[in-house]
Ligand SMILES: C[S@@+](CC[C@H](N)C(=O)[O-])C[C@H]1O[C@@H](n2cnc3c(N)ncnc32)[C@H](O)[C@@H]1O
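Shown below, as structure tokens, is a lone chain in the form predicted alone; questions about how it binds or moves come after it.
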Amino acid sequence: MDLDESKFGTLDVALTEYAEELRGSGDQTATVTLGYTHSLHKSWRTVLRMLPVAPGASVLDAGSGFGIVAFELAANLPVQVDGIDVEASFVGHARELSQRLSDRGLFSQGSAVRFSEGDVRALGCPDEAYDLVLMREVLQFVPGPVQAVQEIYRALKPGGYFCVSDTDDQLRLTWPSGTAVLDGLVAAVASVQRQRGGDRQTGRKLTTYLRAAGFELAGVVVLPEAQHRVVDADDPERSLIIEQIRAARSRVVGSGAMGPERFDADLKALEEAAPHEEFRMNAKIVALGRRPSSPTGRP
């Protein structure tokens, strides 16, 4: 898929402006989530260039968040993109952004973008509805990931593609290493995620899930990222981590993974931590599966 780089600026400016509006409204969670996902989108442009997307294709963005990938697709090709997300607030923000970007003339003639609430395990669409399905950093939160991948298989046309990516905690390295406070809070949140059926090592299992659902493996790549960062109050990733940990308080305390006094004290220490520099290396695994054209492809 070819990307029109002249349109990058329109999308990036609109997202930056919207993030500033969210910040002004006091919606910290939405602000940091949009800022973080926008910062990751540069690497996703690399993935989009590798995808087999034809004009007129029907696309599902499963776990669409603020809709950034859907916008990029519709800006470059006349495609029909449906975005679904379990978070109603994200769906609302995506719809608002879609209207603004349409008003700015970003989308290709003949393209259409729609957003709605939805569960990747029960899409509610007809069989064989899409040519391409995208899913990014969703399966790690889904109990029964094979069920979700089987649902994607059902929704794809024979010969259609499923592009899925996720992280794996053991592909992350920082220097200096994290503090005991941060490590303890992250471990407590991860413990709750496991209790709820999630998996922080999903990345290495993606190809197995695809094969179990009947997909042919069309490719798998590792997208590395390395940077030297200043971790301070203006760092969007730090802000997102703090917001995610704060939002998980009731689940962490309720599960017994950490007592309320320690949780509150550790979160306060994390919020008040002095700025510091770090080297970080991380990687995401991207797998591409193809639904066989023959109905005999599924186990």
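Quantities reported herein were computed from a predicted structural model and do not represent experimental measurements. Quick note: we count residues from 1 along the sequence shown, nothing fancier.
Not on display, but discussed next: the form predicted together with this ligand.
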property	result
Contact of D169 with this ligand in the model of the complex (heavy atom, 4.5 Å)	no
Partner contact for V120 in the model of the complex: this ligand, 4.5 angstroms, heavy atom	yes
Heavy atom of F90 within 4.5 Å of this ligand in the model of the complex	yes
This ligand contact at D82 in the model of the complex, heavy atom, 4.5 Å	no
This ligand in the model of the complex: contacting segment from 94-102, 194-202, 216-224, 141-149, heavy atom within 4.5 Å	141-149
Heavy atom within 4.5 Å of this ligand in the model of the complex - residue from S239, T37, S58, T31	T37
Answer option from A212, A112, A129, V86, heavy atom within 4.5 Å of this ligand in the model of the complex	V86
